[in-house]
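Single chain ahead, by itself, as structure tokens, in the form predicted alone.
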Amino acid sequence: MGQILIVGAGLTGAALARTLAEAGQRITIIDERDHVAGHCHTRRDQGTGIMVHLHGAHIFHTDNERVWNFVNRFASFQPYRHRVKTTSQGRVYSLPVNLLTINQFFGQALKPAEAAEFIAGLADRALTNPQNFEEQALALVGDDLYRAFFYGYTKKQWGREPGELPASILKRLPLRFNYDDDYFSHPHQGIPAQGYTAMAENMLDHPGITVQLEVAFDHRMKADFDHVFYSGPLDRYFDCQFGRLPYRAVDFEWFTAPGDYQGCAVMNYADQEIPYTRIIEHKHFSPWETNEATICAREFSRECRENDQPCYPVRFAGDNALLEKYLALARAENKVAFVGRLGRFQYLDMDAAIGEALRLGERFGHLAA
């Protein structure tokens, strides 16, 4: 039976801890915050009674049956379909770009095959192998739709010109030639009825797991454990010896209102002149509940500073030399594994993060048994 330290009690750390504990390992999991669930942290607002996603929208969606079965052990999921709207030049459209978006934007009444042919005529056919976000967008939808829906929003969200960002960011967003406005296409979609924090707490409720909150990682801790799984920022583990990796942080401007403020959970603002990227209206994440008031948050994306909580790792389309230096150090570490979005410096959806934790936990639990 091994003694294992997990740094970070987000969904990656919680799923990993549970898997290892069920394999017979003894786990200590620490987090410098005063709660578990990391950026998925949810809490009921005292004034309105609404379950609030404290760090922005989190919708669980997956086609991984194993992951779906795992999370359903620890939470009762309510069905939820994510339908995003976007405001561009004073008009509201549906995202992802679908047949309704195309017909609204161009003032047409195209049928699916006609729309596909129309968009193909707008796309830049010379870009057969897009190398960055901008090239991917131009090859997919052409300049007009790119400028209306993607350019300004992307520049605000990532703080970079889209040409500096990898094409993979846009590849996650589909283009549809029907009226399907479901943001995700996975068969399993939902939100825990009691929130993600309760789900993470249930994962960590095991006699083999000790949870310590408001405890920061110290390298001297390694001497007390057989293995460490680190899900904090990759550069911070190495004291930022090569400089800081680029992360984005998000600021929230909270406000309440009577009734229904915007009629949807997420309204993007695509125009670069509007400083915030979107407005979240949290009660729409819980359509099974009734609330007379509403609570919303405007989101402002910015560079992550030294004492901020990093949110999104920024990878570049070309030069990632700084990242490669840190990854080389990580590979050379003995008895330390770097996991999760921040530890791997890679964008991961929740189901991908949990899937990674389950695979790693089973493999390590078997080897250490």
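It should be emphasised that the depicted structure is a prediction, and the values quoted were computed from it without experimental measurement. Position 1 is the first residue in the sequence shown; the rest follow in order.
Note that the form predicted together with a small molecule isn't included here; everything after this is about it.
**Student:** Quick one: does Leu95 come within 4.5 Å of the small molecule in the model of the complex, counting heavy atoms only?
**Tutor:** Result yes; Leu95 sits at the interface with the small molecule in the model of the complex.
**Student:** Does the small molecule get within 4.5 angstroms of any non-hydrogen atom of Thr197 in the model of the complex?
**Tutor:** No - in the model of the complex, heavy atoms of Thr197 and the small molecule never come within 4.5 Å of each other.
**Student:** Evaluate Tyr312 for contact with the small molecule in the model of the complex, applying a 4.5 angstroms cut-off between non-hydrogen atoms, and reply yes or no.
**Tutor:** Although the small molecule is absent here, Tyr312 would touch it in the model of the complex, with heavy atoms inside 4.5 Å.
**Student:** In the model of the complex, is there a heavy atom of the small molecule that lies within 4.5 Å of any heavy atom of Leu173, even though the partner is absent here?
**Tutor:** Judged by the heavy-atom cut-off of 4.5 Å, Leu173 is in contact with the small molecule in the model of the complex.
**Student:** Establish, in the model of the complex, whether Phe150, Tyr183 and Arg278 all lie within 4.5 Å of the small molecule, using non-hydrogen atoms for the distance.
**Tutor:** Yes: Phe150, Tyr183 and Arg278 each sit within 4.5 Å of the small molecule in the model of the complex.
**Student:** If you check Gln136, Ser231, Thr154, Thr101 against the small molecule in the model of the complex, which one has a heavy atom within 4.5 Å?
**Tutor:** Looking at the other structure, the residue within range turns out to be Thr154.
**Student:** Counting non-hydrogen atoms within 4.5 angstroms of the small molecule in the model of the complex, say which of Ile169, Cys296, Ile209, Ala75 makes the cut.
**Tutor:** Of Ile169, Cys296, Ile209, Ala75, the residue with a heavy atom within 4.5 Å of the small molecule in the model of the complex is Ile169.
**Student:** Only one of these stretches, 188-196, 219-227, 157-165, 107-115, has heavy atoms within 4.5 Å of the small molecule in the model of the complex; which one is it?
**Tutor:** Selected range: 157-165.
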